[in-house]
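Before any questions on how it binds or moves, here is one chain, the form predicted alone, in structure tokens.
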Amino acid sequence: MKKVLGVVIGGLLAFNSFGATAQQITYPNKNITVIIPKNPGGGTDTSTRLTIEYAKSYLPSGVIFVPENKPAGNGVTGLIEGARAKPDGTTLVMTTVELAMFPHQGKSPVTYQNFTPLYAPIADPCAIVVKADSPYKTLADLVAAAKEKPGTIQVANSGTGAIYHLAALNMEKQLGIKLKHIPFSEGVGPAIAALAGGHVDAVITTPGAAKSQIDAGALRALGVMDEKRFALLPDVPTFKEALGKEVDVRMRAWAALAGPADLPANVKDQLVAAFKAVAANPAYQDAMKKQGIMPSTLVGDDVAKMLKDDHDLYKELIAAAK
């Protein structure tokens, strides 16, 4: 976290002048606990700590955000604690895309309905990536090959039932193809390493996870699963652009800060206003980008819609996978 804090401190002067006119939070008279259902050091942890660092000047004097990592049970423990907290705004939790997946896999008793969404610092689309010297020069090349020889193109993912496996299943469903799924339960890092080593044909990941190797010329992204191009890789087409037809393969890896359900309106409104100001702060945006994270600007109702949409999407995909 030294690198993160160094970036934050470097931007505080700019932040203080930027945030001086933003709405102050008035409700808490004690510290606000922020549960992080992931291990320290990852993208969710880093984005959470950066976000609350930039939001702290909106708090009343003497009140601070207190981050607590609770990764037990693949983060389910932290999600449950956040959902069951007193709905007074003194306990928040950084929910992740697994919130939309785990209930349909029998892994969690809580859903998006147990939370009041506030701000999503991360909402990255999935992307399909190949080696730079792959015979598949375009997404259309890969799709054509998959149709010609069903089940032969090896696509790595971060584990069976995880987001990138489900993204590949959604590709199959929407494009009428069949892939060979290669799971790496250790995560997306080993999956990308396998691609770089020539052991698989492609990998599905988020752009940020593969960007360094894409920039180095070792890997190449064929398409992003979103309605518009992703700013981190602006030259990479969407699936719709790459295939020249309507395809609904939108898949996102997100982290969304939330309070418990039934958060009072005045508390929600104050928090949303503060995090909206943080999201618009150029110093915060630069700090996130320096950590390899493309900051999102989704707040309030837009976050709520994303959580519900993805809950419904994964319900369908997971049922099909079973």
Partner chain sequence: MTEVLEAAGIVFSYQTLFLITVGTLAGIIIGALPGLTVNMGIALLMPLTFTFEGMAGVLMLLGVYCGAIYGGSITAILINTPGTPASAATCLDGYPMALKGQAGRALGLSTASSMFGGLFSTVALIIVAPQLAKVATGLSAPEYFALAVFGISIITSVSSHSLIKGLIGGCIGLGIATVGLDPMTAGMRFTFDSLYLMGGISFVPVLVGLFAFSQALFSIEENWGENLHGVSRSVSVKITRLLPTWIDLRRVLPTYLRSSVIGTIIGAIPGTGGDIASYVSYTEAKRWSKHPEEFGHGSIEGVSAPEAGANAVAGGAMVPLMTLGIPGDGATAIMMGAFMVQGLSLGPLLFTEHPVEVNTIFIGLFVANVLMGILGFAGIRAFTRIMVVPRKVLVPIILVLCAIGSYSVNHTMTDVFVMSIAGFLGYIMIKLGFSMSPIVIGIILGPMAETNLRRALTMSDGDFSIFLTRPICLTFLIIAAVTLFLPIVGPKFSAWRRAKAASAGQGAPEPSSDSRSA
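As the structure is a prediction and not an experimental result, all values here were calculated from the model. Residue numbers count along the first chain shown, from 1.
In what follows, reference is made to the form predicted together with the partner chain, a form of this protein that is not presented.
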**OP:** Although the partner chain is absent from this view, report whether residue 70 comes within 4.5 Å of it in the predicted complex, heavy atoms only.
**Re:** yes
Original post:
Just to confirm, residue 274 within 4.5 Å of the partner chain in the predicted complex by heavy atoms?
Top reply: no
**OP:** Give a yes or no for residue 113: in the predicted complex, does one of its heavy atoms lie within 4.5 Å of a heavy atom belonging to the partner chain?
**Re:** no
**OP:** Report whether the minimum heavy atom distance between residue 184 and the partner chain in the predicted complex is within 4.5 Å.
**Re:** yes
Original post:
Which pick from 221, 192, 118, 249 sits with a heavy atom within 4.5 Å of the partner chain in the predicted complex?
Top reply: 192
Original post:
Pick from 134, 138, 154, 174: which residue has any heavy atom within 4.5 angstroms of the partner chain in the predicted complex?
Top reply: 154
Subject >> Site check 76, 180 and 216: each within 4.5 Å of the partner chain in the predicted complex by heavy atom >> reply: yes
**OP:** Report the stretch among 105 to 113, 121 to 129, 142 to 150, 229 to 237 that approaches the partner chain in the predicted complex to within 4.5 Å, counting heavy atoms only.
**Re:** 105 to 113
**OP:** Heavy atoms within 4.5 Å of the partner chain in the predicted complex is the criterion; list the residues of 40 to 70 that meet it.
**Re:** 40, 41, 45, 46, 49, 50, 53, 68, 69, 70
